[in-house]
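Shown next as structure tokens: one chain only, the form predicted on its own.
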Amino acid sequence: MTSIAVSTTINDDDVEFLCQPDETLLDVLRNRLGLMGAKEGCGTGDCGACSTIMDGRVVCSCLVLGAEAQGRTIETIEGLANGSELHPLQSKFIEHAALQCGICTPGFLMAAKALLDKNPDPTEEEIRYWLAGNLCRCTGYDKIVRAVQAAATEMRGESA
């Protein structure tokens, strides 16, 4: 099989890689680029553990081919923090105990970031709707929703 050369931007870095025509973006991120944050939970786009942001939209990287990243802008969990400074979503997930085993956490964080990028003041219903593509078997969803609400408040510069 002939490899495909791809040039893209991942977490604000210009990246080039070779991939197979049938190789998923998830496999490229993990196996070729060493970005291990996105997880494979189902391989069918049902769980959201592999969620990344491509051109401002949440995508299940297990359903996107690596070659489709050509010319695109991709954000992964590895790009969320600013060095050692956690993103407000990450801090609030910790503060609100919105994670346990951690398999789903990167996907929830990326989906929540995409939501807050588009809507900095979402209602609880909007948060629940936006995160509906992400599954968690450990925490339940109330802690996750509260963490996103608290992060939104902090990001708007308001006090809780």
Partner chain sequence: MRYERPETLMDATALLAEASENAFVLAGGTDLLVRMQSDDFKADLVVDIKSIAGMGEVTETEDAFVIGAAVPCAALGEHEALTAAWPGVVEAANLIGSTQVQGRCTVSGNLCNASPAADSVPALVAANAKVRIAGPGGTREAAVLDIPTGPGKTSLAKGEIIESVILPKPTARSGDAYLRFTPRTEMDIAVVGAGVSLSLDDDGVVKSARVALGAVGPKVMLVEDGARALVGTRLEDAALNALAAACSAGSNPIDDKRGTVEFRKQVAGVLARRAAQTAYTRAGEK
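Residue numbers count along the first chain shown, from 1. If you're wondering where the values come from, they're calculated on a predicted model, not measured in any experiment.
Beyond what is shown, the protein has a form predicted in complex with the partner chain; the following relates to that form.
Asker: Please state whether all three residues Arg57, Cys62 and Ala111 have a non-hydrogen atom within 4.5 angstroms of the partner chain in the predicted bound form.
Answerer: Yes: Arg57, Cys62 and Ala111 each sit within 4.5 Å of the partner chain in the predicted bound form.
Asker: Which pick from Leu116, Leu35, Ile103, Ala67 sits with a heavy atom within 4.5 Å of the partner chain in the predicted bound form?
Answerer: If I apply the 4.5 Å criterion carefully, the residue I get is Ala67.
Asker: Decide whether Gly140 counts as a contact residue for the partner chain in the predicted bound form under a heavy atom distance cut-off of 4.5 Å.
Answerer: No, Gly140 sits far enough from the partner chain in the predicted bound form that none of its heavy atoms falls within 4.5 Å.
Asker: With a cut-off of 4.5 Å between heavy atoms, is Pro120 one of the residues that contacts the partner chain in the predicted bound form?
Answerer: No, Pro120 sits far enough from the partner chain in the predicted bound form that none of its heavy atoms falls within 4.5 Å.
Asker: Is Ile94 part of the interface with the partner chain in the predicted bound form - any heavy atom within 4.5 Å?
Answerer: No, Ile94 is distant from the partner.
Asker: Hey, in the predicted bound form, does Gly45 get a heavy atom within 4.5 angstroms of the partner chain?
Answerer: Result yes; Gly45 sits at the interface with the partner chain in the predicted bound form.
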